Each structure stands twice: as structure tokens, then as C-alpha cells.
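Just one chain is shown here, as C-alpha cells, and it is the form predicted on its own.
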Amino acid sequence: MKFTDRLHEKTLPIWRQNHNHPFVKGIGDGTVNQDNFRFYMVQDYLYLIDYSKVFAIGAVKADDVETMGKFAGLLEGTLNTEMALHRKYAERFGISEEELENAKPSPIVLAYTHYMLHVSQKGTLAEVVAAVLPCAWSYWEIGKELNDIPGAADHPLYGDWIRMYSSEAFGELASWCIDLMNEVAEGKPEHELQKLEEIFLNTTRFEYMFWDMANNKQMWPGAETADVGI
């Protein structure tokens, strides 16, 4: 059994909860509230900023030039391609670039990104990969699942999101991360594998919390979204 098979089996209950979350299902059937999706877009943009930093840490901790180059490519692609597309897509929901840049992260985004950065800065390359893998892997799986719904990829607002995350290009990124996870886990003692499992489980849990945050437009207690740049 590959290590990623073990991870998938271990986290399957929460994995399925992510796929079946009302916000995710709403993207697939076109019923997700536009204002909530707008909130999600802003928070996802802020998340991507710190996600990019984790790729940078991966490049620093890589043991060979090929892996270093791949992480550098992921950093460049996220900062200069994905985030540019994100800004363009956000315009369709009335979100300006200025609004994106001035927005404040929700408690969930802060907790999630700070956890990834903490693990990555203190840990090994394997721990970096375990931290970032659930996002890439689950988005690819969700994208493919939603793309199988007749007409979902043609929705005027959410179809582009589905096509992006079900695309061959995004699948290549997720597959590379999966393969690297298996490579860096090979030969590690059981106690280290269990630590990688815990990191993967935690960021998988954060994925669920992110969807839930978007579904409820969750910010700090007592704060209005207008007060935090959303």
C-alpha cells in the first residue's frame, strides 16, 4: 500500500464530509449563495498568499534541484497565474483588486495558514508536503466530482471554478504532490509516518472548516464583514 493510500483511508470520513459539505454541493448544483461565494473568493485569495509561502519553504527544504525547481514553479504559478486568474474571476462577483488586497483573514484562514507555515518552517520536507497535500488533492477530487454533474461546468458563475479544479493542469499539480508524498515517506519509521498522518489529518480538517466558514461567512465574534474589508 502506498503511503497516500494509507492517508486517504485514515481520513476518509472527514474527506467525504468535505465532498458532501452544503457549500461544495451548492457549487455543483448552482444553488450556493452568491454573497457567500463572494466571501469565499476573498478568503481563498488571502489563503493563497500564505499557501505560496509554503511552496517557497518547500523549495528551501528540497534535497535535489528537480524538486527545488518544481516547488519554485508552483510558487511562481500560484503567485503569477492562479492569483491573477483569481483576481479576474473575482471581478465577476464585484470584487475589486483593492478589496482583495485590503481584506482581513477570517479566524479559520489565520489558523489554517499559520498551522501550515508553523509545520513547514519547523519540520522536514515530508512535513511540508503533508501540510499542503490535502488542499491540492481534495480540490482536484471535488472538481472532478462536480464536473461529472450534467451542466455543472457550464454554470455562468461557478462553471469556471469547476473547470479549473477538474482540469488536466490542476490534476498534474495534485498528482505531483501525491507522488512526492509517497517518495519522501518511503523508508521512514512508523513514528514519523504517524506524525505525517497527523499533519495530513489536521489540514484535511481545516479544509472542512474552510468550507463551513464560507457557508456561514464566519468572521470574528461580533464583527461584521463590512468591518474587515469584505
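Each residue number is its position in the shown sequence, starting from 1. The structure displayed is predicted, hence computed values, not measured ones. Heads up, when I say rigid core I mean the largest set of C-alphas that superpose within 1.5 Å between the two forms.
Another form, the form predicted in complex with a small molecule, is not on view; read the next lines as being about it.
*Asks:* Taking 4.5 angstroms as the heavy atom distance cut-off, pick the stretch from 94 to 102, 146 to 154, 118 to 126, 77 to 85 that is near the small molecule in the predicted bound form.
*Replies:* Partner-contacting stretch among the options: 77 to 85.
*Asks:* Which residue, L48, M68, L193, A56, has a heavy atom that falls within 4.5 Å of the small molecule in the predicted bound form?
*Replies:* None of the others qualify; the residue that does is L48.
*Asks:* Could you tell me which one of E183, E198, D44, D29 places a heavy atom within 4.5 Å of the small molecule in the predicted bound form?
*Replies:* The residue in contact is D44.
*Asks:* If you check in the predicted bound form, is Y158 within 4.5 Å of the small molecule, heavy atoms only?
*Replies:* Outside the cut-off, so no.
*Asks:* Looking at the partner-bound form in the predicted bound form, is W15 within 4.5 Å of the small molecule by any heavy atom?
*Replies:* No.
*Asks:* Against the small molecule in the predicted bound form, would L173 count as a contact residue? Criterion: heavy atoms within 4.5 Å.
*Replies:* Within the cut-off, so yes.
*Asks:* So, in the predicted bound form, is F37 in contact with the small molecule at a 4.5 angstroms heavy atom limit?
*Replies:* Because no heavy atom of F37 falls inside 4.5 Å of the small molecule in the predicted bound form, the answer is no.
*Asks:* C-alpha of D160: shift of 2 angstroms or more between the shown form and the other one, rigid core aligned?
*Replies:* D160 C-alpha, core-superposed: shift of less than 2 Å.
*Asks:* Please determine whether the C-alpha atom of E145 is displaced by 2 Å or more between the shown form and the other one following superposition on the rigid core.
*Replies:* Comparing the forms between the shown form and the other one, which are aligned on their rigid core, E145 does not shift its C-alpha by 2 Å or more.
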